[in-house]
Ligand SMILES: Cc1ncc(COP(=O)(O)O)c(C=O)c1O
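Shown next as structure tokens: one chain only, the form predicted alone.
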């Protein structure tokens, strides 16, 4: 899904921008944010920074009432740089070493998601009185890609429901401020029934623990999830918690962004390929999760045919899309890989000494740069010869 006006603007940007690059439609971000706030008007949204950590985007969403959900010390620092205050930041994740906790003591302590009993002990030792949420692993067969199913019992995340009461008591004994419970089922979930099953686990725990200041129901909202069908499921938590938190990330930004690449060759083995100047270093999701992003041509071409779009790495997984029907291109024509607004730039790497691309935002009237293209000297700067 790409707005015609945005597609036309991309064609203009191609006249001067070096490929590959990421491009974002700010109007799309705003529309998705507004739709989310309307559907969950009583909940407090924490934007999942890992989806797209661009500073302009963090500031944009903070101005619209979003807090920040992070999973690393670097993301906490990034959120603070974007203007978020400690009480507007949540740090999740299964591993919080002492060096991280000491750094937070100096920089400002956010809310903390406690992922295990050991996590609680370490937090209490280094950050006495810290505000914590206990992460629940609901032990459910969540319907999504195996790599995205964080709510299954065999995953490394959270504490199983039967372990939560003891962890709750221990956290209070340690003098921590227990805000409540945190649930995250996984990512790219499209069935309200999956959310309902996870929510029932949390409701059962509230029967045991009693009402809590906060219930964080996480995120994982698939791009086509019916928010209207999900919103009523939050009603019990609004009655039994002081606040309900949600963590939208990819839902807000994926469709607002594209990765633009040029075609520098066509070839045929047992399949027909177009060879791009972008690949898995720039958009890892197709290789990591076997997703099939949509592709839009930014050119007028000849007769349509079916192609696989391969990148420049010597890796069999460096294929951004398979079975895409496109007009026959000329060398240098460009395509837009859709849904790259999330986990595009945030997962980009310098594998094969590949500079990270520039990032541009279109505000409906013009383009502005929000991320400079990485230069080769920066790739070598931290190494000694």
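Numbering follows the first chain given and starts at 1. These numbers were taken from a predicted model, which means no experiment stands behind them.
Beyond the structure shown, there is the form predicted in complex with this ligand, which is absent from this document and is the topic of what follows.
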Should residue 247 be classed as touching this ligand in the predicted complex when contacts are defined as heavy atoms within 4.5 Å? yes
Considering only heavy atoms, tell me if residue 220 and this ligand come within 4.5 Å of each other in the predicted complex. yes
This ligand contact at residue 50 in the predicted complex, heavy atom, 4.5 Å: yes
Does any part of residue 184 reach within 4.5 Å of this ligand in the predicted complex? Heavy atoms only, please. yes
Heavy atom within 4.5 Å of this ligand in the predicted complex: which of 89, 188, 260, 164? 188
Using a 4.5 Å heavy atom cut-off, which residue among 111, 96, 255, 135 comes into contact with this ligand in the predicted complex? 135
Within 4.5 Å of this ligand in the predicted complex, counting heavy atoms only, one of 42 to 50, 58 to 66, 351 to 359, 328 to 336 shows up; tell me which. 42 to 50
Hey, which residues along 339 to 359 are within 4.5 angstroms of this ligand in the predicted complex, non-hydrogen atoms only? 343
